[in-house]
Ligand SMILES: C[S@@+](CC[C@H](N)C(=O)[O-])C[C@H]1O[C@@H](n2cnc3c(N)ncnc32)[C@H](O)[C@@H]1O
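Presented below, as structure tokens, is a lone chain in the form predicted alone.
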Amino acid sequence: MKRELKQTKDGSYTWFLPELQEHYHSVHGALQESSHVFIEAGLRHWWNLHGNQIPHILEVGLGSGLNLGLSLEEAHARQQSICYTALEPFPPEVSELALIQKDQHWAQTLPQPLYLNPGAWRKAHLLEFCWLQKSLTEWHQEGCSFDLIYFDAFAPEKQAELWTEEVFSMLYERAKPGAVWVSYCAKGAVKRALKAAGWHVEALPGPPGKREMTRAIKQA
């Protein structure tokens, strides 16, 4: 899968996929989007709700490692550990990662190399990490439960099979009581599918360039 490196409006970088005509992150600011959606509305919100517990995070779409890197920055700032499982069926090349991570503060604490030994757990300071070379639809038989879900798949127009009530029901079953699900996507059909799967859904102000984002909670 060919990836083209693009600079976004906040100075950070993303990839563009000509095959899908899709960017990995917002062109209005990749770093701002991830910080707003996954850290502020996701990880910080979960810690505010659950105190000094260790969250088990699931990321759908590891990509460049941006969300993991920002999560680790937050963990280091709080001196709190995180456990992190990531799905990425199309891992980038080492050379591609080197370019997108170059001189980026969020990349400094990432496990290196990022894509090593799929399915194996790796431990570092404040981190337990595992990535799987599988899509969400391939992975549903594996047993685990999660506190926080970063749903960072490509848009519903590009990966419609991942934004369904069936998928959200599977994630609901795998989520612990009080779990938080967050995504940049705010489409009405997505929110309706989440509600039908049992999630309590709320619309939040979006990052630069987007009016809204979505957060969902598995109520205890």
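A quick note: this is a predicted structure, and the numbers were derived from the prediction, not measured. Numbering starts at 1 and follows the sequence shown.
Keep in mind the form predicted in complex with the named molecule is missing from the figure; the text below concerns it.
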message: For a quick test of understanding: in the predicted complex, does each of Ile82, Trp121 and Phe146 have a heavy atom within 4.5 Å of the named molecule?
response: no
- request: Counting only non-hydrogen atoms, choose the one of 167 to 175, 191 to 199, 153 to 161, 43 to 51 that falls within 4.5 Å of the named molecule in the predicted complex.
  value: 153 to 161
- request: Give a yes or no for Pro113: in the predicted complex, does one of its heavy atoms lie within 4.5 Å of a heavy atom belonging to the named molecule?
  value: no
query: Going by a heavy atom distance of 4.5 Å, is Gly63 a contact of the named molecule in the predicted complex?
result: yes
task: Evaluate Glu73 for contact with the named molecule in the predicted complex, applying a 4.5 angstroms cut-off between non-hydrogen atoms, and reply yes or no.
output: no
task: Flag Ala107 as yes or no: does it have a non-hydrogen atom within 4.5 angstroms of any non-hydrogen atom of the named molecule in the predicted complex?
output: no
query: Since exactly one of Lys102, Arg78, His140, Lys134 fits, which has a heavy atom within 4.5 Å of the named molecule in the predicted complex?
result: Lys134
statement: Near the named molecule in the predicted complex, with a heavy atom at 4.5 Å or closer, the residues from 81 to 119 are Leu87, Glu88, Pro89, Phe90
